[in-house]
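We begin with a single chain expressed as structure tokens, specifically the form predicted alone.
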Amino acid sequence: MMPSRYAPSVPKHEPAQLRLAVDRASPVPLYFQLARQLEAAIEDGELTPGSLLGNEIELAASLGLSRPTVRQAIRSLVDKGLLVRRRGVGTQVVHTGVARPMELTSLYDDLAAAGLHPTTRVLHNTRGPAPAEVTAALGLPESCQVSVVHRLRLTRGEPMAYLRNYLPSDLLDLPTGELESSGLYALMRRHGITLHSAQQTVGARSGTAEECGLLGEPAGSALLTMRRVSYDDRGRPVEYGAHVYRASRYTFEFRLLVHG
């Protein structure tokens, strides 16, 4: 079996030369073989954010595959948040690091959909320096100023979550009144920012005195934690969130898929 070579068009630099091959004697579906190789190229940095795959006809011809097979491989990576189809542009690499398909919604939208009448108390809304972890996640210089927003999210007057968000300072204005009347993601949508995917980590730890005090929990109580980097449809990191939730009031639910 000789590997085929396919060179996707990559803006602003020479196309990467990928060695893509499919084994027709393997019991593994051809679309899955192709999807795994493209995913590996994204994870290894051979296909960088913004890279264009070209059209399905070119890729299918270079590998001797049918267009439906190529289309299925691409669709699986779109579903995983690694690729995005943009009208007039083509299929484009978004970013790396998304481990599984997840629904990207805000806590405000989730609570409102559940009929829990969320309210928001803005505790801090300014521009200033951010921790190195935040600037690195947002692709910004360490000395860069960012928008810093701390909020307390409540339902029926009871604290639910303490939310800390960091955004590039030139992304959009964040009026306190609008942050109190709706969710951050809704505000971003109103300013023409289309969120596409996120990298999210969920955990648990003992809360700090400040966190437990704000959430109405005894000192040292266990809290759920969530860190998220959200990306727009151009592959830019546009928001870093570091949130804590009352474990007695909130759970995370995941839908897991079986592949292969």
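The term rigid core refers to the most C-alpha atoms you can superpose between the two forms while keeping them within 1.5 Å. Since the model is a prediction, treat every value here as computed from it, not as a measurement. Don't overthink the numbering: it's just position in the shown sequence, from 1.
Quick note: we don't show the form predicted together with the DNA, though the next part is all about it.
Select, from the options 85-93, 142-150, 160-168, 178-186, the stretch whose residues sit within 4.5 angstroms of the DNA in the predicted complex by heavy atom distance. Result for this chain: 85-93.
Name the residue from Asp232, Glu46, Glu56, Glu211 that puts a heavy atom within 4.5 Å of the DNA in the predicted complex. Answer to the contact question: Glu56.
One residue of Gln37, Thr69, Ser197, Ser51 in contact with the DNA, assessed in the predicted complex (non-hydrogen atom, 4.5 angstroms): Contact residue from the list: Thr69.
How about Arg24 - does it come within 4.5 Å of the DNA in the predicted complex, if we only consider non-hydrogen atoms? Close contact exists here: in the predicted complex, Arg24 approaches the DNA to within 4.5 Å, heavy atoms only.
Is Gly64 close enough to touch the DNA in the predicted complex, meaning at least one heavy atom pair within 4.5 Å? Output for Gly64 is yes: heavy atoms within 4.5 Å of the DNA.
Flag Pro29 as yes or no: does it have a non-hydrogen atom within 4.5 angstroms of any non-hydrogen atom of the DNA in the predicted complex? So Pro29 counts as contacting the DNA.
Core-aligned, does Arg164 move its Cα 2 Å or more between the shown form and the other one? Superposed on the core, Arg164 moves its C-alpha less than 2 Å between the shown form and the other one.
Superposed on the rigid core, does the Cα of Val89 end up 2 angstroms or more away between the shown form and the other one? Where the cores coincide, Val89 still shows a C-alpha shift between the shown form and the other one that is 2 Å or more.
For a quick test of reading the superposition: does Ile74 move by 2 Å or more at the CA between the shown form and the other one, rigid core aligned? Yes: Ile74 shifts by at least 2 Å between the shown form and the other one.
Out of closer and farther, which fits the Cα atoms of Leu52 and Leu171 in the predicted complex compared with this form, where the change is 3 Å or more? More distant in the predicted complex, by 3 Å or more.
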